[in-house]
Ligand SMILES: Cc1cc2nc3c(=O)[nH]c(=O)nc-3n(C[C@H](O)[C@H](O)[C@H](O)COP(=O)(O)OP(=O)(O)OC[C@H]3O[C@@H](n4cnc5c(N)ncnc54)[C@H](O)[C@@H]3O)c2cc1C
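The form predicted on its own is given below as one chain in structure tokens.
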Amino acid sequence: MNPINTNGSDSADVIIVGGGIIGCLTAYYLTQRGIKPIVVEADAIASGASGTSAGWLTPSSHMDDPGLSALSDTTYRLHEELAETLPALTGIDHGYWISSYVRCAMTEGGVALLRDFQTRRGSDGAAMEWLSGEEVRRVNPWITAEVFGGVFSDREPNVDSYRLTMSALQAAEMAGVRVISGRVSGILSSSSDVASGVRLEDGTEVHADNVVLTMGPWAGEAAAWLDRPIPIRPQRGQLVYLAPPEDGEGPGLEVGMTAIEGGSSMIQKRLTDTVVGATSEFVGFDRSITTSARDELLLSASKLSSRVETARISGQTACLRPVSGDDRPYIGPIPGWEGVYMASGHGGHGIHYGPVTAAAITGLIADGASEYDISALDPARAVGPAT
């Protein structure tokens, strides 16, 4: 990280508080509009959920939430663009890969759920193929359980979330963005509720007319700065990684999979080992990994595939997701403040919705309006009047 000015102050066009996927992509998109922000990071870039996410980009995200599902295909297209532009700029392959996936039904009730899912995705223009139990096992040799059937999708991309975040930051830095290390302790205001920058814990002031809060699960800290409630809490998500089979141990995982009735998902990756995930635990800011979570994930996955029981575990990670009060992110200006924006609360979908979130914030700052409809995600629905 670049050093802070020795005179105790610094300035930029925009200050972004938080160096995760949304903060780094916002910095990158702002530079495309000729705006050069400073990113303030309290720990390390991608040190939170952005560095250990499964990186699953499913266009089927939030089908029951029109406000979010309308943005799902949009952010997917932006990911496609980033897969072309960022590696060309930075030389970093962030593992973008359009993989296949099968959602399985273990019960007759699950079949009904999957058939409904298939119909709704078809009405959205994403046709998915119905497979019998026998066809499912031919498509995915790891599935050894007696499944009733499944829905096959060949449009379930994923990325390496750490590499994507670092590539976005590097591209932004190449265009003049600076990163400084420090923990923000307050918002500076030139007059009543008009932002003029931030103050760090060491007393340093960083000045700008616009402040973007992309602090993930730590966004709640800003409630004291803004004198507004911010209902975001951390949720721990643990993942287990499985190494590919060695010679003579059978085929590797060729298609990602999960059971519609609930259970672990298994995601095939291009640059890393197979991901089994994920837990959803409300344990505060505890980022430790646990054997109980590992066993829970593997037991759940083994209901679909007995191969899980003999696979070699190559790693385990834990991250903290930012979960909002209504499971929707907060994207937009903070009510009662001029020049302060929030982009947090995405839960386990920050990587998926990262590009459209960053692009929307960029539009608000550069043009005064977003080209994408983020009205359903307005922070005003929860970040109400002064407390």
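The first residue of the shown sequence is 1; numbering continues from there. All values derive from a computational prediction rather than experimental measurement.
Same protein, other form: the form predicted together with the named molecule, not shown, and the subject of what follows.
Residue contact check for residue 184: one or more of its heavy atoms lie within 4.5 Å of the named molecule in the predicted complex.
Residue contact check for residue 225: one or more of its heavy atoms lie within 4.5 Å of the named molecule in the predicted complex. When the named molecule is considered in the predicted complex, residue 324 lies well away from it, no heavy atom lying within 4.5 Å. Taking non-hydrogen atoms only, residue 43 approaches the named molecule to within 4.5 angstroms in the predicted complex. This chain is displayed alone, yet in the predicted complex one of 348, 332, 335, 339 has a heavy atom within 4.5 Å of the named molecule; that residue is 348. Among 140, 167, 214, 264, the residue placing a heavy atom within 4.5 Å of the named molecule in the predicted complex is 214. Proximity of 30, 358 and 374 to the named molecule in the predicted complex is absent: no residue of the three has a non-hydrogen atom within 4.5 angstroms.
Shown alone, this chain has one stretch from 315-323, 30-38, 358-366, 65-73 that lies within 4.5 Å of the named molecule in the predicted complex by heavy atoms: 315-323. Contacts of stretch 256-273 with the named molecule in the predicted complex, defined by any heavy atom lying within 4.5 Å, are made by none of its residues.
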